[in-house]
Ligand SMILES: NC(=O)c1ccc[n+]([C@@H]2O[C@H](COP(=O)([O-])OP(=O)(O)OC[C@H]3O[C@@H](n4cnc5c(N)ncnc54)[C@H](O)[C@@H]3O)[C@@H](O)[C@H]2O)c1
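So this first bit is one chain, no partners, the form predicted on its own, shown in C-alpha cells.
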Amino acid sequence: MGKHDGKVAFISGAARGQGRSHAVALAREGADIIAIDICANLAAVPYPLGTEADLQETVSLVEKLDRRIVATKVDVRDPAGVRAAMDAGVSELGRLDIVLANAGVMTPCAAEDISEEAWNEVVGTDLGGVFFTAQAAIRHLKRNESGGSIVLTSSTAGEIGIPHLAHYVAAKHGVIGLTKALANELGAFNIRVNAVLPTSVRTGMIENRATVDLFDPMGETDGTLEGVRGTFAAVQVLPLPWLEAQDVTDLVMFLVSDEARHITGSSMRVDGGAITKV
C-alpha cells in the first residue's frame, strides 16, 4: 500500500528536473499522474528546456511503476491550455487530489538590461503559470470531500533580493503572496496551499553558462558548474553547493501527505540555511 493509492496528481514542468522527480516519487506511492511541460525553448531563456523526449521519459518512468499517466505538451502561460490538459487528465483518471505548480525558468541579467521579452517569459512562467495551474485545479479539488493539496514552487529568491535576477525575484516573491491568498480562500474546502523555497538545485536551471557566469562575473574559473562549486557553497550555512531534485521532492512529499494535514499557508525552506545566512 502506498501513501497515495487512488489519488491523482497534476504536475507542471514534469519533463525533467524537479517535476520528473516529484512525478516518480508520487507514482511510487501509488498516485496516477497528469503531467505537462512546454517541451520547447523560450527565446530569452539562455539554456535548453525540457523536450518531448524528456516528457516521454517521465511517462516511461511512471509506467514502469505500474501507474497511469496522461502527459501533454502545454505552456503554463496559456490558461486555456492548462485547463484543457487538466480537464482531460481528470476525465481519464477520475479525480484530482494533488497539484504541484513546479514549472519555472530563470534568466540572469542586470536589471537595466532585462528585456520586455525576458520579463514576460520569467514572470509569465514563474508567477502567471503558477497561478493558472492552481486556478484550473480549484473546481476539481472542491469536489473532493477530503479536499486536496496544492504546492507552489517558490525559491530562496522569494524571500531575499538576489541581484541580477530582478524579474525572477519579483515572481518568486509573488508566489509566496499567492500561497497565502489561496490558503485563506480555499481553507474552508479543506484545500491546503503551501510553497516550497529551495536554494539552487542541480538541474538545467543552474547547469548552464549564463548561471555559472552569474557566480563567476570575473571569468576566473573554467566556465563549468563544478568550477563555481565553492561560490555556490558559500551561499548556504550547511556545507553543500546545491540540492538534488530529490531533496525538494522529499519536502513536497511531506506537504502533500496526511502528516501535513494541518499545514497550510506556509512557505517552507529547503535551502541549507541560505536565507538564515543572509
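In case it trips you up, residue 1 is the first one in the sequence shown, and so on. Model, not experiment: these values are computed from the prediction.
Just so you know, the form predicted in complex with this ligand exists too; it's not on screen, but the next bit is about it.
At least one heavy atom of Arg16 is located within 4.5 Å of this ligand in the predicted complex. In the predicted complex, this ligand sits beyond 4.5 Å of every heavy atom of Gly89. The closest heavy atom approach of Ala71 to this ligand in the predicted complex falls outside 4.5 Å. At a distance threshold of 4.5 angstroms between non-hydrogen atoms, Thr125 is in contact with this ligand in the predicted complex. If you check this ligand in the predicted complex, you find no heavy atom from any of Ser149, Ala181 and Gly265 within 4.5 Å. With this ligand left out of view, the stretch that reaches within 4.5 Å of it through heavy atoms in the predicted complex is, among 136 to 144, 110 to 118, 191 to 199, 90 to 98, 191 to 199.
Checked against this ligand in the predicted complex, the candidates Leu186, Ile206, Leu165, Ala85 yield a single residue with a heavy atom inside 4.5 Å, and that residue is Ile206.
Leu49 is the sole member of Val62, Leu49, Val235, Val212 with a non-hydrogen atom lying within 4.5 angstroms of this ligand in the predicted complex. For the partner-free chain shown, Thr153, Ser154, Ser155, Tyr168, Lys172 of 151 to 175 come within 4.5 angstroms of this ligand in the predicted complex, judged by any non-hydrogen atom.
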